[in-house]
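Before any questions on binding or motion, here is one chain by itself as structure tokens, the form predicted on its own.
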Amino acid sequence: MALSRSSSGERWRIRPDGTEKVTGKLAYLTDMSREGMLIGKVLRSPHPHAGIVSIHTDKARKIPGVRAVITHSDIPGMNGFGIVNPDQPVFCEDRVRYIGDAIAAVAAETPEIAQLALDNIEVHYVPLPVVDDPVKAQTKQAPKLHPGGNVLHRNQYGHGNVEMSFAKCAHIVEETYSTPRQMHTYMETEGGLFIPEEGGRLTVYSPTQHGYKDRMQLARILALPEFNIRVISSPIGGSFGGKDELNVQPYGALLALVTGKPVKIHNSRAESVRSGLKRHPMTIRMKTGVDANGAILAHQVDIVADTGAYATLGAEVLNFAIEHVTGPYLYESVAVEGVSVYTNNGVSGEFRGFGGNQAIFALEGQMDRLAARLGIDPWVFRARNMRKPKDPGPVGQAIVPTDGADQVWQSLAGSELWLNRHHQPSREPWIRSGTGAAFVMHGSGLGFGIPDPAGGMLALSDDGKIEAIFGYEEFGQGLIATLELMMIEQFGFGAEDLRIVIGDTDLVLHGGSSTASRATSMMWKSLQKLRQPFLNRLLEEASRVLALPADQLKVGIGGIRDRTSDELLLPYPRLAGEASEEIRFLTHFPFPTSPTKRIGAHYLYTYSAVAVQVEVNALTGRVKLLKQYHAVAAGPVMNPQGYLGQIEGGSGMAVGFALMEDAVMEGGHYLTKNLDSYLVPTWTDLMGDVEVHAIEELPEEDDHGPRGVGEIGSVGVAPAIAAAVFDATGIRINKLPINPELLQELPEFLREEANSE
């Protein structure tokens, strides 16, 4: 189905949270305030690597209006955070490892006083040698940044004998690819409001992708029982993975408990750049060989990822890249190795695509180069080596069979964009047109061996509202709209009958993180499990109240209706008032994982094929995206508007990854300090046509339902653009973002002048 307003009919609906968002009326958590609240600020290191000799806070404490100045000595519990590896100090004690490291925090009556207090904290540093390169960081001469050394994590995968396979190859391509340190650039920077409550409780209003994980980490830092902390976490003004880890929450929470007052912290954009997470820069060396018929025999990969000063999810991102660097293809032999390395650069972490974007950019570059070496159409070459439905997964694991690879391949091959790729008239002599494509296989969920709970709850509330209660977060992706549409279509309720409850650890279940393209899948699965018990119970109670057989009744808009005439017989508020007992059902289950015991290996995969048409201005070297075609095999579409929005939004982020975004660092310092020196795609960069073909069919035995599409729209665009640039200019790209200087040509009149001299 080609997704559009016209093809979606009545399913194309105004989002329940849409009007308030586009009119600016919606109050985000960082918009909140309380009477008498204090302003919190954090003192961060000026050095990327230094020892701390002393910290003096006396001057700051004496400033009128300053209510608290805290350092490492004021932490009652663990001085560290990190979802998996809590190696990032809340406050540094004797050493700083990057310029975002926190030394102290203050709470004051005004922002100006808080800044004055920071300026009066005296810290004596001894600068240390800076480790700003992940390759140099692995040498014996490099200073150790952590007790275990500078290697956070190594992983590998292989099958067959890659050297013997290379010996049989007719053609071998070797290339090194590098990808940038991309910023999430959410509209809402990190922040929150922290309120101490009666009885020693603390309420945290702060955007996060998983309130329960924040609560667990804050409990360790504050030395409080988890049930003493309430985390309210939605709505979020954008995240893309960047708010899955704690950011300002430890400082706001500590200051609120120390002062006994509400404390608000909200990062400026410059602070967000300095301390926030980024996409892992990776260098990926590949050597790939084929026989004379174009069958891939050998694939050898070496990945170096710069995780920065602290672990965050660096190990997991590397595992994902290793899994996806073989993609939707079959090989006689594979040898993949990777290492994630600590440096004094900014901290890398979770980012939409989770390492798959870097891996697929490199892999698809290899496929295009091999096809050219063979003299084969690159899309035909991909088909010759494509995985089949019952083949094992990329790391040899059992996966759910899917026809997705062939489905998206066929869809793209038949698309108007691809069929007309050789007929692109040029507007001006210096404009070069080209078309390229990429092929993507992307796993969802957290993978084998990683706790990945799911579930939800349905209830008839006392006021007659049908409550759908889930532990997932709305950060712009359309989760609320998708859940509402599923409740309408699968249960028969009206939108006005519903109350969607999310983002509050006091109210929702621990349903896992809103990440890894999993929330829509798990909401759908939960509703499948809850639907019949909940509907049956509503009808049983209605039957008792109305003294009518349950089989004469049905659930409908506004209440219980006559199954034949559709007459409204019992509004939900009346049913709630006369129910003999509470009507509430919950379900709890894990995200499905492969039976193959390899940590992080995925079970459910989504396929995508992307074609793009570009124009390259040979005078400026700038690339303009004209058209995109996305074929996505992700199962049934739950919300056509949201699905389309995710693919369009993901592709826009990928345009930035491909053409302009890089948070440049030098010697451990960001040269990019704000959005005046970090460009992201705007409307003018994204004006080209975007066509999205959603392939909904799943194999008959597949009962896993819809897969999430939050990430896959961002994965294949960059390699497709690189292929299109080659088609237009004959220049192969191996480094992102694409440098316009590479694509510039000397104008004809200057060439003539040069030739005449």
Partner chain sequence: MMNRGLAEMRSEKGISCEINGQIIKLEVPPSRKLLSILRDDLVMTGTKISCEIGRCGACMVLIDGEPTNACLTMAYQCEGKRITTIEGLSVDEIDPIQRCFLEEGGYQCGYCTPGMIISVKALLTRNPDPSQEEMTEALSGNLCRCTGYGGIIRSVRKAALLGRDTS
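Numbering follows the first chain given and starts at 1. Every value quoted in this text rests on a predicted model; they were computed, and no experiment measured them.
Not on display, but discussed next: the form predicted in complex with its partner chain.
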Inset, instruction - Indicate whether the candidate residues T176, T179 and S444 are all in contact with its partner chain in the predicted complex, with contact defined as any heavy atom within 4.5 Å. - result: no
Inset, instruction - Have a look at D403, E648, D132, D452 for me and say which one sits with a heavy atom within 4.5 Å of its partner chain in the predicted complex. - result: E648
Legend entry - Contact assignment for its partner chain in the predicted complex, among G160, G238, P590, G464, heavy atom within 4.5 Å: G238
Inset, instruction - Evaluate H266 for contact with its partner chain in the predicted complex, applying a 4.5 angstroms cut-off between non-hydrogen atoms, and reply yes or no. - result: yes
Inset, instruction - Using the partner position in the predicted complex, report whether K21 sits within 4.5 Å of its partner chain, counting heavy atoms only. - result: yes
Legend entry - Residue contact check: L746 to its partner chain in the predicted complex, 4.5 Å heavy atom: no
Legend entry - T596 within 4.5 Å of its partner chain in the predicted complex, heavy atoms: no
Inset, instruction - Given that the partner is absent here, state which listed stretch (408-416, 444-452, 179-187, 487-495) has heavy atoms within 4.5 Å of its partner chain in the predicted complex. - result: 179-187
Legend entry - in the predicted complex, residues of 5-38 near its partner chain [heavy atom within 4.5 Å]: R5, W12, I14, R15, G18, T19, K21, V22, T23, G24, K25, L26, Y28, T30, D31, S33
